[in-house]
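Given as structure tokens, the chain that follows is alone and in the form predicted on its own.
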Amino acid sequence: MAAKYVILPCNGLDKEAGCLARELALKMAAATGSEIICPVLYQTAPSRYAPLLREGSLVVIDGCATRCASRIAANNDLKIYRKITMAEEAKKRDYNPGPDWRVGAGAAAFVEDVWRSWQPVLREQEAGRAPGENAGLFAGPLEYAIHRHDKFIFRVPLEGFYFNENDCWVQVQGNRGRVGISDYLQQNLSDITFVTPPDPGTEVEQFGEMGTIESAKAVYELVSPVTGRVVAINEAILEAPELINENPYEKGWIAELELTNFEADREFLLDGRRYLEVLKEKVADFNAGK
């Protein structure tokens, strides 16, 4: 692997998840000749790392759900190329980090497995393929249906989009699907402050978890409308999650999947017109409950 990265790991060395993040950072740096940013030093002397960040793509490695490394990057307007969260990697592998912060044989094997799974994803850059290279496939909606209620205006694209009843959508082009949340959901969540999309390479089942969205009001678990493998994420929303509030169907998309069984998945989805009727019922029910 020839590509080099700038790696910002979790600093939680008093917790096993933090130690696992550090081990993965060391392994990645050794394998790729990449540089590691000390998160503590970066916060006191960011200029020290400015040349590195100008030259290399930033890979953030979080330990636990606190995601301190991601927050450091967000607070300093750093563009993240890839983000790895060890707690989520452990969950995918049924690995249960213990209270012991030392990295034993089991933890070392876990880190090795995580690194092995991420190498193909990182090679996308080495091969010159940027995330979202198929952006041209996914033109914005041609037409929106509008539902007004009091001061609120809800938009629903009528063509090319399919929804589940959890207010998540998929736009399909060939064997690719771009997913996101509806205008109705983003307005219910209000100001979105943080997004955790699924990691590239993740296998997602229809109605399975597809990351989370945090707002001032709630943490919302995204429910995938389709089955497939995540091939890209919208990195713009990592730095600017408010893009989802501004336009959830275009700039605010969340991830792209290589679809594995869309014809079967579609039987459980709503097209734009049917979802519009469901949306109207939800708005009416919410208003009646006030």
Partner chain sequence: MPENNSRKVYVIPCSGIGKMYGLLGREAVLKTVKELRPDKAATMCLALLVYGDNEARKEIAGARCITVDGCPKLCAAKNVEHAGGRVVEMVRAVDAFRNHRGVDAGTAAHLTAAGWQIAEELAADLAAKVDRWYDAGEE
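Positions refer to the first chain, counted from 1. Bear in mind the structure is a predicted one, so any value in this text is a computation, not a measurement. Heads up, when I say rigid core I mean the largest set of C-alphas that superpose within 1.5 Å between the two forms.
What follows is about the form predicted together with its partner chain, which we do not show.
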query: Distance check, Leu53 to its partner chain in the model of the complex, heavy atom within 4.5 Å; finding: no
query: Contact flag, Gln43 vs its partner chain in the model of the complex, heavy atom cut 4.5 Å; finding: yes
query: In the model of the complex, Ala31 touching its partner chain (heavy atom, 4.5 Å); finding: no
query: Its partner chain contact in the model of the complex: Thr260, any heavy atom under 4.5 Å; finding: no
query: Per-stretch contact check against its partner chain in the model of the complex, the hit in 261-269, 228-236, 31-39, 243-251 (non-hydrogen atom, 4.5 angstroms); finding: 31-39
query: Within 4.5 Å of its partner chain in the model of the complex, all of Pro9, Arg48 and Cys68 (non-hydrogen atom); finding: yes
query: Gly228 C-alpha moves between the shown form and the other one by 2 Å or more, core aligned; finding: no
query: Flag for Pro241, CA shift 2 Å or larger between the shown form and the other one after aligning core; finding: no
query: Core-aligned C-alpha movement of Glu267 between the shown form and the other one reaching 2 Å; finding: no
query: Inter-Cα distance between Glu203 and Ala29 in the model of the complex, nearer or further [3 Å or more]; finding: farther
